[in-house]
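One chain is shown next in structure tokens, namely the form predicted on its own.
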């Protein structure tokens, strides 16, 4: 599929889908159930606003979403109690499939959501969005509802960074532009058409999610895109312009940790797809530095991108969904 054609046919602006009544009619016509998952870790400041908005606008006013659930990594603040008080279903990731050794990471929450939630489509939305709006959900769901061949919809947006003095007019997406876009351009040129592959907002059909391996950490979005592309091609993707997303800034050091985890996942996928061979065993230790007066202190961190297997390999999931092993 030519990139120019895909950009023309599969890139949308959220305003295209502003007729929510029509969107709900089409959803009901197809008898779809839609789940919203918000993965959380210490998000007491923003979670209430997200729950209130999505419940009032996309469950009560327009019944587009059937359930809103918080999957939490073990917050030490009041995230869970706040979410419960505003009516969201709340789950600790460690309480879902509790016989499995617990793992920490956003990808773990996303994976556990497949088991816990019932939707034919799951839309994932980060919990730290300061300018939350219904478009963050309906803009991603609409391409899946209106076009059967689309399987995975990513968000893109301007990403001003929130600072104490206000909003900086540009910035964000640094790991994408410095790391992911060059790697995609080298190894998967068609995937360079995805404007923000690392965006935390996306909607996916269940039958796709349950087939995917899930890195539990920073590599989950990169792995998804490569795996879906490898099986279905670029035509399975769409992307929606959500205008602007205001969120917390991350320090450069944190972005380094993210890049290190993503690289582990990326090189693993290259090996699986036989795009590289004879790769040496990769180190899992990231060395960074901080300065005390004139002294440089090395900080060594072990970052291992473990992965959960496809949910279809989990017996409890098959039982819950009524799926026979030979289906």
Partner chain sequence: MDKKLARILDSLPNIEAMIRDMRDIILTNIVMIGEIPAPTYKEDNLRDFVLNRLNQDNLINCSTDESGNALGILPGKSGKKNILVVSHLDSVFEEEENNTLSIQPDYILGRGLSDNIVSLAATISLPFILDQLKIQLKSNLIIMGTSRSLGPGDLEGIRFFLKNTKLNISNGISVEGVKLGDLSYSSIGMARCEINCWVPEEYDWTKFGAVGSIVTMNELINRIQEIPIPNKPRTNIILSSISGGRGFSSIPLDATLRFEIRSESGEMVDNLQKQIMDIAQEVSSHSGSKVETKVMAKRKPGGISFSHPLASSAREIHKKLGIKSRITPNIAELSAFIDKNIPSVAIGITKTAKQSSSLEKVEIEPLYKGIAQLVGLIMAIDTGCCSEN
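On a predicted model such as this, the values are computed, not experimentally measured, just so you know. Positions refer to the first chain, counted from 1.
Below, we refer to the form predicted in complex with the partner chain, which is not included among the displayed structures.
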Although the partner chain is absent from this view, report whether residue 244 comes within 4.5 Å of it in the predicted complex, heavy atoms only. yes
Spell out, yes or no, whether the shortest heavy atom distance between residue 61 and the partner chain in the predicted complex is within 4.5 Å. yes
In the predicted complex, does residue 86 come within 4.5 Å of the partner chain, counting heavy atoms only? yes
So in the predicted complex, does any heavy atom of residue 302 sit within 4.5 Å of the partner chain? no
For the chain seen here without its partner, which of 25-33, 288-296, 264-272, 42-50 has a heavy atom within 4.5 Å of the partner chain in the predicted complex? 42-50
The listed residue (174, 130, 104, 205) that reaches within 4.5 Å of the partner chain in the predicted complex by any heavy atom is 130
Sole residue of 193, 82, 145, 122 within 4.5 Å of the partner chain in the predicted complex, by heavy atom: 82
